[in-house]
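One chain comes next, on its own, written as structure tokens: the form predicted on its own.
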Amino acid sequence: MSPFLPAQPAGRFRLKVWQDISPDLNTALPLTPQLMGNRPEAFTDTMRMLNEQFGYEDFNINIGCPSSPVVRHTRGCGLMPHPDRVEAIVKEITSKTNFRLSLKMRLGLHSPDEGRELLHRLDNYPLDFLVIHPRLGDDLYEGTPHWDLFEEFHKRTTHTIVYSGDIFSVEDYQRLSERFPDVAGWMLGRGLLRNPFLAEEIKGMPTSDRISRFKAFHHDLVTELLPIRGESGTLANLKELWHYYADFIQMPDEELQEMLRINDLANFLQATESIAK
């Protein structure tokens, strides 16, 4: 699933903005564009244009992002207290297109009652699946997920459920899959950034040559980012990612902070090469 992208009306659609989800750049795994917005027609316009340009037929709507700037603009989790608006978006898409649609949500922004109301309304629409992160938007990513509420939500809906949240190790996955055996799928987010080999470990695959494989991946990542983001954009993306990669490399926080102060891409890459040994 792609990082979330803005749903835009046809008159504002600029193909250049969407280069990084071009199928030519995403050949290893099937990609589902993940869209964020609050206007029904902007979703259908964007989906139709991405279908025409790139052939995409599967789409995901994000109403789970808890970031304050996103919530303030009634996007992401900021939509969850507004079930009429969420239902209007889903109704617009499912009634006017034949695209496959899924939705990523939380338990609510301020209260699980928001999520309960949405589950009730969404049961009337043909969704491929719901991804549920068992926190409120107000929780951000802090504290322990509300697994009892996740279990309740799972029982409240007829839709297929995918679990998302706090899978950082094989042990986390095993514990959750034993507790929720009827979950259809598992979304790896921050855990996969903190350990790029987590999916292989969950599958029981050998993960030898981890550092050399990570360095090869990092080199490919930079090679792909540069033509799309330019040097400054690539550097900004890498700095964000290295907050997570530092965990994998077991980099002391002082070293990470020193590296993040580098404002030249070539020097930053030299620092990553010397650290990832």
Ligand SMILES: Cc1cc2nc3c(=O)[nH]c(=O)nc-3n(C[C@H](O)[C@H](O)[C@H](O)COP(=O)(O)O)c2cc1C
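These numbers were taken from a predicted model, which means no experiment stands behind them. Note that residue numbering begins at 1 and tracks the sequence as displayed.
We do not show the form predicted in complex with the named molecule, though everything after this point is about it.
Think of it this way: in the predicted bound form, the named molecule has a heavy atom of just one of Y125, Y141, F180, F197 within 4.5 Å, and the residue is Y141.
When you look in the predicted bound form, the only residue of R190, R85, R156, R121 with a non-hydrogen atom within 4.5 Å of the named molecule is R190.
You can rule out all but one of 160-168, 110-118, 199-207, 89-97: in the predicted bound form, only 160-168 has residues with a heavy atom within 4.5 Å of the named molecule. Taking non-hydrogen atoms only, F54 never approaches the named molecule to within 4.5 angstroms in the predicted bound form. Proximity of Y244 to the named molecule in the predicted bound form: non-hydrogen atoms within 4.5 Å are present. Although the partner is absent here, N38 sits far enough away that none of its heavy atoms falls within 4.5 Å of the named molecule in the predicted bound form.
Heavy atoms of T46 never reach within 4.5 Å of the named molecule in the predicted bound form, leaving it off the interface. Heavy atoms closer than or equal to 4.5 Å to the named molecule in the predicted bound form belong, across 8-42, to one residue only: Q34.
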